[in-house]
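One chain is shown next in structure tokens, namely the form predicted on its own.
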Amino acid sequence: MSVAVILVAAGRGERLGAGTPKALVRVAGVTLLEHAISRSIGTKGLTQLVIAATPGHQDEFLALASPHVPAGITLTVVTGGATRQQSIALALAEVDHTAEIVLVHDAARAFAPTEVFDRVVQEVRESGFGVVPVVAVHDTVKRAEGEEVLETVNRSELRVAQTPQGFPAQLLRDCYAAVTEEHTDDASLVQSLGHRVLSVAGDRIAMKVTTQDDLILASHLVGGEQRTGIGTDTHRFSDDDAKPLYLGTILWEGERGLDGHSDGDALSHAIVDALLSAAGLGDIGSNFGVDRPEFSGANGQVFLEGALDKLHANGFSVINVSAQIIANRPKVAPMRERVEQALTAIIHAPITLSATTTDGLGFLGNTEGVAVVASALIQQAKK
């Protein structure tokens, strides 16, 4: 029986806080989208993969997916909808009518093993019903209202639902055509219309990546070596009163700029050095030296993106970066959140920013310039 997999990857990842669509977040140097594809593509009988992409990122998703999809399997990328259910409906419309079984999988569960896909397909084929992979609940579960614990729930009857969830293709089409309410998963949608759903064993590694804690856990589960790096940079204030100040790639209105071959963004430059040193790839000088005219006046984003390209080419992903500005001015507190958001959106990992002074000591205490110290934690994919 021919199988189509719908990969739901349209989430924006707001709770993850990585500044990029969730499917594009990297774990051990590889995007969640690619992790999910690499595990689903080996499903027995697979003939088609349909990806519901984050709006505006269809081309990027297609470029990432194409190298992982072998000849003989049709790859389709559609724009996702406003909800998970809408995204699946749009993807289902692209499933070839020769497909007999449809699996719906979440890119957020990127590490679900291929064996789970095969178990679901086999049970759908043998039973003709919808099938959901589940794992048992081992914790004691309480039902509560606010802070008040009302009762202990019998966990022996409870299961945690995972994906991929599988269905006879025509059954799923009929259910999506008839449904009028939103459901949290396809099993509940199908059940709401009176159809049976069975279960098979899931796998705990098929965890759902939703928060930063989940991302850190996933990195430990599937990633390789972790490394740390430290970077520093110092720039003096410019004598040109008209030169603007850029720190963390963004303009600080009303502040005097910093001297430098580029735009003098000491914060971005320190982060670049931290990232490159962690990966053993040199420093900002050896990679983007002042002898290269194309970097004259360049914004810090140019160097950050260049460093990230080098990290990704060597199988590294960024887990987090912390930086501290040392200066009397500018005042960091009013700009902290904006800078953190801007850097997080570029690096696709959490960035935290702090500030301090030297209590009047030295050239920093004399307000002659700005210094920054940054540290980075990165991870290399397992080989």
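Each residue number is its position in the shown sequence, starting from 1. Everything numeric in this text was worked out from a predicted model, so none of it was measured.
Below, we turn to the form predicted together with a small molecule, even though it does not appear here.
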Considering the small molecule in the model of the complex, find the one stretch among 282-290, 104-112, 269-277, 199-207 with heavy atoms no farther than 4.5 Å from it.
104-112
Determine whether any heavy atom of residue 71 comes within 4.5 Å of a heavy atom of the small molecule in the model of the complex, and answer yes or no.
no
Verify the contact flag for residue 83: yes if a non-hydrogen atom of it lies within 4.5 Å of a non-hydrogen atom of the small molecule in the model of the complex, no if not.
yes
Classify residue 8 as contacting or not contacting the small molecule in the model of the complex by the rule of any non-hydrogen atom within 4.5 angstroms, answering yes or no.
yes
Could you tell me if residue 368 has a non-hydrogen atom within 4.5 Å of the small molecule in the model of the complex?
no
